[in-house]
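In structure tokens, the next block holds one chain alone, the form predicted alone.
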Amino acid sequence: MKRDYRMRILSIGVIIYILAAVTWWSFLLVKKNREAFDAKERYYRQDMQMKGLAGSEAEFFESETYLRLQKTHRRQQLMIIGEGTVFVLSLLLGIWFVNRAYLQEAASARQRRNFLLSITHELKSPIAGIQLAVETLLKRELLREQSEKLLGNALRETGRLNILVNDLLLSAKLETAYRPHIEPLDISAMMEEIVREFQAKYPNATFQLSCSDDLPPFAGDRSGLSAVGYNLLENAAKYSPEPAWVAMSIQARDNNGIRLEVADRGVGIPEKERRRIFDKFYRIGNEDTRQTKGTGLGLYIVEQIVLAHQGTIAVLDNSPAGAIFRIDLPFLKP
């Protein structure tokens, strides 16, 4: 970090020096060009006066020789100023591109670092839980209820690992080979099942699902839209103060498709972060101090699947607090 800071300071110093040098040399060229013009003017005036071609200065200034000399001088001045301006603008444009590339690379490196930190924690936590359960079962004679409790914990941790691996595989697939398998879906029943799973996973939270009675027949990718519902509910529950409140609604949009919304009363999402939260591996805050778990893949997966279904996704403010994720999906043919 310190080395990068020094390199940036050095780069800025070099840039300032180049701009100052260009400005100074442009000034000198303009000055020398003017001196050359004045010298030629005196020479031609004296020459014409000696030859009797210009009796006075007024006649000389109106002569074709002077007008041609003046035109050449102006063209040279404009050329010097124009070339200097083009050089400075090209330099500034190049600096802007280089700085943008540097900032993008720095942000990408920071996201990769955050991802490595988060994925390490996400992997170690369930592995440690499974290892503890297995070691306890091997080393001690436990009652049936205690064994079942440990096995249940190990099974839940295995589920966490399975979800994590599926997210990693799906995110890789979304970049290359993902094609939604469109089939008729009972989306209300599918989301109701997901809501029940989350209610069991977060017993202290409140999950609500409302579906309009006039939902038309809908088609989409079952696994993809399940991932959308799962990730939106997971984010809403994680980033809400306990006891969390999460509401999902599915409404018909006349003949244009359906609208799926997930609302919470959590910390909300700042306006400036609402575009970046869909970037791969991006998470708000710093991984060293963040308390919530995650890899930064959830919302990336959500957006990519929605786009693959030719839909749109938007983030809105909820009242009095929290956020609303609104997804509009069109009708697709199986």
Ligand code: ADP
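The numbering used is simple: start at 1 and walk along the sequence shown. Remember, it's a predicted structure, so these values are computed and weren't measured experimentally.
The protein also exists as the form predicted in complex with this ligand; that form is not presented, and the subsequent description refers to it.
Look at 180-188, 143-151, 210-218, 259-267: in the model of the complex, residues with non-hydrogen atoms within 4.5 angstroms of this ligand sit in 259-267. For the options R160, H73, K238, R222, the one in contact with this ligand in the model of the complex, meaning a heavy atom within 4.5 Å, is K238. In the model of the complex, this ligand lies farther than 4.5 Å from every heavy atom of I305. With a 4.5 Å cutoff on heavy atoms, Y282 counts as touching this ligand in the model of the complex.
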